[in-house]
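Only one chain is given next, in structure tokens, and it is the form predicted on its own.
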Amino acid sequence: MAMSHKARILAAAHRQAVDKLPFGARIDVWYNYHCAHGTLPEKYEGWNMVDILRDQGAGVQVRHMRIWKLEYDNLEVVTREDPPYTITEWRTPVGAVSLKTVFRPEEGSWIVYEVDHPFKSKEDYPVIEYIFQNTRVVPDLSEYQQKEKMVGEDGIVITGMDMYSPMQQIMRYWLGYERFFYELHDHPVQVGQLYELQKEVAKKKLEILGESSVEIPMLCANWSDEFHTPVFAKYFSPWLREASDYLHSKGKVTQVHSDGEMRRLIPLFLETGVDVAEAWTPMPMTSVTTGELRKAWGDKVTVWGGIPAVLFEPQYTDQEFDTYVIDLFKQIAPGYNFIIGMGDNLPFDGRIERVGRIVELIDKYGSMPMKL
């Protein structure tokens, strides 16, 4: 009997045998853009993402932000709208900080982006420390469970650590990347203290993940070696190893969203203990081929991705698309420990029918072991 999409993805993540190459497709950028503009293909008007992917024959990958909510003691959080921005202010006994974000579904976005970060000067360190010290993490799985039920055996709902590991959370969310490196140089003790406090918050999230039904928790996302190589060994690797070891003890496998330039990070990845590198994005969008990645990692990591987003765009012909996908199959043959997917999404101008074309090519060439 043929395996379900979910069973194939989980087996590959656990580095177990599958009947044919798994495929977990992600289309939320394309879907959100066309829903916002009223330009979904006529056939798919009123459909949700899951049913569209089912119609294409693909395995489903659905994102869910978190399975908890943050609550705070001894401080006030005030949120106000200033369209298109949302401003969140934390008012504490030792001062206040604020964050400005923007969410643009008409561009295909599914997450908010930081426009102005909470940290403005060294006077903000005690405020942010106070926020971390007074943060409670409360389980909130109801929406995740609804999505899990909707997807069923047709794929996976992906959720995890708010996208970022503790130091990356500080880099991206609280300080911003440019300011982070100045502060790490000028005030390393204070940055280190934020890191330790953020780890304590992250451990509370890990405990919830460990007891949840999430099969492949996401521990981190959006790496790019020009930003992350300088701090990876000191701050990223130890935390990812600790988190992976904990979740392994709960019978889970772990993943990261590795969609950026990875050449310098590839050898460091094996130190993390992470099982799956999801959203793998090779040439021509980065400088690394999938063949190079497989040679570097061997069978130690399951790779999920391999088809760059640009390949779905109309500037590439159907023949060029097929040639790339078949060449990818040759690079990964015999095909174990690999899940086909996008690196990292179907673009707003991508051709949805090429998702179905991947299914056809897997049916033709993807039985295990692959012999191209």
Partner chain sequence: MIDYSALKKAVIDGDDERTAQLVKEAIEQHADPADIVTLGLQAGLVTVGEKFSSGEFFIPEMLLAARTVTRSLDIIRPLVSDSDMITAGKVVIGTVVGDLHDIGKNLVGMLLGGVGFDVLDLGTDVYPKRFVTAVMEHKPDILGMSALITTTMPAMEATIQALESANIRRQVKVIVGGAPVTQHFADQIGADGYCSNGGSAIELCNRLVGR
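Residue numbers count along the first chain shown, from 1. Remember, predicted model here, so these are calculated numbers, not experimental data.
One more form of this protein, predicted together with the partner chain, exists but is not displayed; see below.
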- Message: By the heavy atom within 4.5 Å rule, which residue out of 310, 36, 70, 326 makes contact with the partner chain in the model of the complex?
- Response: 310
- Message: I need to confirm a contact call. Of 81, 186, 76, 299, which residue comes within 4.5 Å of the partner chain in the model of the complex, counting heavy atoms only?
- Response: 186
- Query: If you check in the model of the complex, is residue 360 within 4.5 Å of the partner chain, heavy atoms only?
  - Reply: no
- Is there a heavy atom of residue 178 lying 4.5 Å or less from a heavy atom of the partner chain in the model of the complex? yes
- Taking heavy atoms only, is residue 192 within 4.5 angstroms of the partner chain in the model of the complex? no
- Does residue 229 make contact with the partner chain in the model of the complex, using a 4.5 Å heavy atom cut-off? yes
- In contact with the partner chain in the model of the complex (heavy atoms, 4.5 Å), from 148-156, 127-135, 105-113, 242-250, is stretch 105-113
- Item | the partner chain in the model of the complex: contacted by all of 47, 143 and 318, heavy atom 4.5 Å | no
